[in-house]
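Have a look below at one chain only, the form predicted on its own, in structure tokens format.
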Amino acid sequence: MQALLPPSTNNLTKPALRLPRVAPPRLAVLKCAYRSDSVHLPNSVGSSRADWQSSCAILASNVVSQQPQPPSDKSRNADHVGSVNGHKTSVDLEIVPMEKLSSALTITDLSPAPMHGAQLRVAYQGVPGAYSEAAAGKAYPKCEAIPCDQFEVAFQAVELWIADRAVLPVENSLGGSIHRNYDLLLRHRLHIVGEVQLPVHHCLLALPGVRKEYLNRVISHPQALAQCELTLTKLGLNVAREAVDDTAGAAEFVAANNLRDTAAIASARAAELYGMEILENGIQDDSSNVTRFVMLAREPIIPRTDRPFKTSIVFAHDKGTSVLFKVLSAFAFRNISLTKIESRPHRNRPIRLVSDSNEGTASHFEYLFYVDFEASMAEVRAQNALAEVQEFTSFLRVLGSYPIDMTPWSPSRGDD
């Protein structure tokens, strides 16, 4: 599980892997800052990609934009582009200096996505041997997996055409939601086009010849440490636990620094890649340890009804959480099952003040709500449900409508 959580403040300072950098050329890159326009759901979804994008990609009514508000006309500089090919557009094109981007691009980086049958480039967070790399391989067999040092970089890799897809974790059956990626889903304009569930099988790794009694500490991702806590205690490893950015990165760090007093919790593939030995196999406290990943692309897929689909949305209301029951009833009334509901702080409006002549001023926290439900946007009942939800919300966005992962699941085993 490769969630982005701050590493503990210790002496572990491994160099972060980043996307390949080249000398920045003297040119500018176009950055799209979307404005959310009001879009009304039709009774049916068009058959073309353009129809689907215009109908379902962004739904809003009196939208509270999640992006910083654009500057006034007086403050806009000469580089502002208000139209494309002579036509007015709701897309702001702002010139952003190349130096401000996370990585400089060459013309080869901006090549179009592979044609059908070509090898996909799939971004994931972590280093080779990470569970996210395995999820990318399960989602897109024979893909070219591109490691990224942060979740943010994986999103940008797709937006900048360095990668064609990104596969990122959003929740774990033991550790819960990966909040960072929920926030990034809203910040970026990528679309969820699929999901994959990966059983997580943890191993205790050390350098060749190291025995458990020699160990002074165990390092890994914070969730991996938490998922193995009871087993480590049963093994008699009452040693320091230290958190790093990811599981495979922990194995790489131990191997690169020849740490014979330190073990890592990571996958069996990480042991093979970094020349380590498996001291204990399958050390997760619960064998039912599964991570759900989402597949992200620059454009949505056209929803269908010939197989089970799931739809992910995010919404908010400018008067707080009082409308939550009404929103959920729109799905219950149409017999649409919810598979996930997650709340996150409303970053633009974290606190709402409520005046009361008798009690003074009260403050309430403001939230965004993420919901997954089992229905395709090609179904009329799903369209009607969202049309009703739109009446109760000030912000509503469809993150994606995509096939459900129906792969038969079994508890993680030693040969996974």
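No experiment lies behind these values; they were computed from the predicted model shown. Start at 1 and count along the sequence shown; that's the residue number.
Just so it is clear, the following notes concern the form predicted together with a small molecule, a form of the same protein that is not shown.
Listed residues Gln156, Thr262, Thr311, Gln223 were compared with the small molecule in the predicted bound form; Gln223 is the one with a heavy atom within 4.5 Å. Contact annotation: the small molecule lies within 4.5 Å of heavy atoms from the stretch 224 to 232 in the predicted bound form, the single such stretch among 189 to 197, 224 to 232, 324 to 332, 211 to 219.
Highlighted residues Ala130, Asp246 and Phe293: every one comes within 4.5 Å of the small molecule in the predicted bound form, counting any heavy atom. Residue contact check for His202: one or more of its heavy atoms lie within 4.5 Å of the small molecule in the predicted bound form.
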